[in-house]
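Okay, so here's just one chain, in structure tokens, the form predicted alone.
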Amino acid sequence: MLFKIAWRNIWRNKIRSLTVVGSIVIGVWALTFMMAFYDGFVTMYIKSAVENDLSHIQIHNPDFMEDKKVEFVVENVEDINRMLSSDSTVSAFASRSLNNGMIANSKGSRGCQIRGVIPEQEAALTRLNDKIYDGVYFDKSKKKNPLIVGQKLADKMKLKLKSKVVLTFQNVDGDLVSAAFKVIGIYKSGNTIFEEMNIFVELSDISRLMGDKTMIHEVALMLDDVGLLDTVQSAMKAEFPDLLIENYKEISPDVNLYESQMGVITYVFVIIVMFALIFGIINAMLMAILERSRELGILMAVGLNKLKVFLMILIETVFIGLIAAPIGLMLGYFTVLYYGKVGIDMRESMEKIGLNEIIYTELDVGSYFIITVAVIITAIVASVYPALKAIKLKPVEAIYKI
């Protein structure tokens, strides 16, 4: 009986009820979209960082990570390569030389990180060859000292294809070495900070200039399944205890922070939106009780006890939430689905923080369940105060109230 009365009471003032339903629908839709946008942003940020720079696991000489001196190389590279080549969980790996230096031309000079790479390995690991938007990737013709620069650095230094630059860096003896290089390609990674700081040369060229044929400072690898990250890392640490073997979370605290805080941010979004909805629902239900004071007085006078009055108000509020939540979730789902395919172009605004990607919204099934539960809890909480006001009415006074 209470459910039937509560359902009829909702539609006695359709405008007010539909207004409350509409506010909940908009709140749920906005919440769904915000959560999906944030998840998409974090996924894009982590993916960009891992694919362009971090990889899943990096191997270094422990002293190199402290001082960044070029003499601290990875000694047993051949053994590492042999292990990685035989490991079916490793999708790709690359050995690199890393050296901080200066790049200069007639337009000026800038600090940069010089990455000496093995072309085939780097292409397999980071797909650098696919990111060349002007010029060519390292080829087998072996032009003398070829160089690939990022678009951002090329724009700032007015570099074009075949531009000649001078790289200055330290060799193994600590002396400064300068050598001329020619730009053969310009890459675009989607991360403008990375593009501005990192240039690529062939490992053989930079090793020759630094005074050693095998100047490997870093071995980076990607896994087929990131879920095996800890297992592979532990196995490598056991095999090479003298090396520093870190995963991308340990290397980049900001990436780890974003990834670990995704769940927390979800609940923050839910709490903020639901807290705002509570006041709208309370306001509407208080107005409904004020209008129905005489009716509630009559119901209590004929024997409807306070508990049933309380439950009736609660059921009315929950019904409104149950009507609005599926509509809001449906609108949110289709919005997330649409922008998950076409994406949201944030490249101009994101460029200022070093990102240049399209964000694709995404939201897991568990988040939809959390939103549904949150709406029901919100409706129950919002109904408490109006219901308490209702049961405090005195039947005689309420009946004769105008």
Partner chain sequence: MARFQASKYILMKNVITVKGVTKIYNPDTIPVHALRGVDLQIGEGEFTALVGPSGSGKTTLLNIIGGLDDASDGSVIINEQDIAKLSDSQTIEFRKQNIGFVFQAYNLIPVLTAKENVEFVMLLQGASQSDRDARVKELMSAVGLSDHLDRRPSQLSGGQQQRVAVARALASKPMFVLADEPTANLDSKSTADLLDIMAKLNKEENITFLFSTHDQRVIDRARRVVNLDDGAVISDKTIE
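Numbering follows the first chain given and starts at 1. Small disclaimer: the values here were computed from a predicted structure and weren't measured.
What comes next is about the form predicted in complex with its partner chain, which is not displayed.
The candidate stretches are 112 to 120, 326 to 334, 216 to 224, 301 to 309, and the one lying within 4.5 Å of its partner chain in the predicted bound form by heavy atoms is 301 to 309. The contact residue chosen from K156, R82, R294, K143 relative to its partner chain in the predicted bound form is R294, the criterion being a non-hydrogen atom within 4.5 angstroms.
When its partner chain is considered in the predicted bound form, K14 lies well away from it, no heavy atom lying within 4.5 Å. Mapping the unseen interface onto this chain, S23 falls outside it, with no heavy atom inside 4.5 Å of its partner chain in the predicted bound form. Contacts between stretch 4 to 28 and its partner chain, counted in the predicted bound form as any heavy atom lying within 4.5 Å, involve K4, I5, R8, N9, R12, listed in sequence order.
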